[in-house]
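Single chain ahead, written as structure tokens, the form predicted alone.
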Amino acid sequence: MSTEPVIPNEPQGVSILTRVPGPASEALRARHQHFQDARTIHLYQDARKSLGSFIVDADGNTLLDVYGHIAAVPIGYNHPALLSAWKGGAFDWAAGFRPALGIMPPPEWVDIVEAISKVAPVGLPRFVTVTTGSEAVENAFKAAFIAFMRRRRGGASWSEDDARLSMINAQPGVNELKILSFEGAFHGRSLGALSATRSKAIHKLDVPAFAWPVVPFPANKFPLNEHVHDNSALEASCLQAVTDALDADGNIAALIVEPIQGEGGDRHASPAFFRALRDLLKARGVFMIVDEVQTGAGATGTFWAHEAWGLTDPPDFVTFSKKMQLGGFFYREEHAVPETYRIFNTYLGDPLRGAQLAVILDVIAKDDLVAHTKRTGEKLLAGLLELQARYPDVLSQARGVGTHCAIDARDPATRDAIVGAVRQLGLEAGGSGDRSIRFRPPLVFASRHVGLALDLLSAAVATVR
């Protein structure tokens, strides 16, 4: 019989003492704003008092958190296993200095690498660690371009002319290489990743971009099993658009795709779509990069979201970050770069976050949190469907995989009003796309949290109808 994770002394409910953000948070914002742009900050969180799935803010308000620092909190706040490891000295080796991991890593780093290897996607045994999701995507792009050019040269190394011309950004054939991405995608804010990002103009305005192609992503209706005919037609149209893009340009080295578009409205396609996409790319010799920065580490009820697609051939690259604490990408053995220093930087990740990740992965395995999240997600989605039926004039398109769920409001203004109202009631939630409310709770989110979250969301919807 399955049991749900329990965090000792976790709050039993929410407690709102002031408006959120309250006066203490606003005073901190005023100080902060003198030096950094603090306008985006929801509240200032008390890092010591927050516990499990609950935030305590600088004003003493206690909120249930289903936003998770934009999907980046894996096992809740101040999990006893992490605190015990910290207090027991397990991370002391990482406290004295930050090493250049590609030059002189501490011996403990090898233990961490072996721990990460245990969750490698099937068929992708090798990986690079970096710090952030954007870095993960940038370096996956680099690895794809390197592999593509090596294959184009028949496995040969570059020429002296290639080396000379690369120094003036004029290596033959390279500047024409492209990454294909989908409308609504978000892959990061650095220059290469931003060129593949298509979700919001505010990310891209006034920033130079590569002239890379874009194709539509299926605007499926939910639940998927009730709209099979319409969705199949949408997915076939998008696959044809990919085919047309590949036909039009032989310099597309890779396609990058999110299992669920985290910033682009929580859109997702069927496993059949992704299987067909994989087959198409494989037949054309175009690499497949699956961006699991937001979906990875168990949030969808499998450790990697793409596991649920039933691929017969693994992707070429899978990026990760957020709940994994580090950034990085896994890759197939044949895509290993023969030369050193080509995929490299000073830090190659953060040893402290890697040490924390080793503990987190142990907790996930011991407490069977991936299977737990699958069960909890089913309850959350059922509750969202019930709310949608109760408020059909306000809510629609409830959807989700695991606890990676979302629901649409009738328009952007209503969505923003609901997110604002529900925060005042004690639920920290976030938006996605132009009208979606997204759920990104930690893996310790349980049935008791689901009920509370749904009650708070229902109360907020009632206030804005």
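Start at 1 and count along the sequence shown; that's the residue number. Everything quoted here is computed from the prediction, not taken from an experiment.
Below, we turn to the form predicted in complex with a further copy of the same chain, even though it does not appear here.
In the model of the complex, a further copy of the same chain stays beyond 4.5 Å of every heavy atom belonging to residue 307.
Using a 4.5 Å cutoff between non-hydrogen atoms, residue 240 does not count as a contact of a further copy of the same chain in the model of the complex. The shortest heavy atom separation between residue 372 and a further copy of the same chain in the model of the complex exceeds 4.5 Å. Contact check for residue 98: a non-hydrogen atom falls within 4.5 Å of a further copy of the same chain in the model of the complex.
This chain is displayed without a further copy of the same chain, yet in the model of the complex the stretch 87-95 from 388-396, 87-95, 295-303, 309-317 comes within 4.5 Å of it by heavy atoms. Of the candidates 216, 106, 123, 271, 106 is the one whose heavy atoms come within 4.5 Å of a further copy of the same chain in the model of the complex; the others do not. Using a 4.5 Å heavy atom cutoff, none of 283, 287 and 447 lies near a further copy of the same chain in the model of the complex.
Residues of 115-146 that come within 4.5 Å of a further copy of the same chain in the model of the complex, judged by any heavy atom, are 117, 125, 126, 127, 128, 129, 131, 132, 134, 135, 138, 142, 145, 146 in sequence order.
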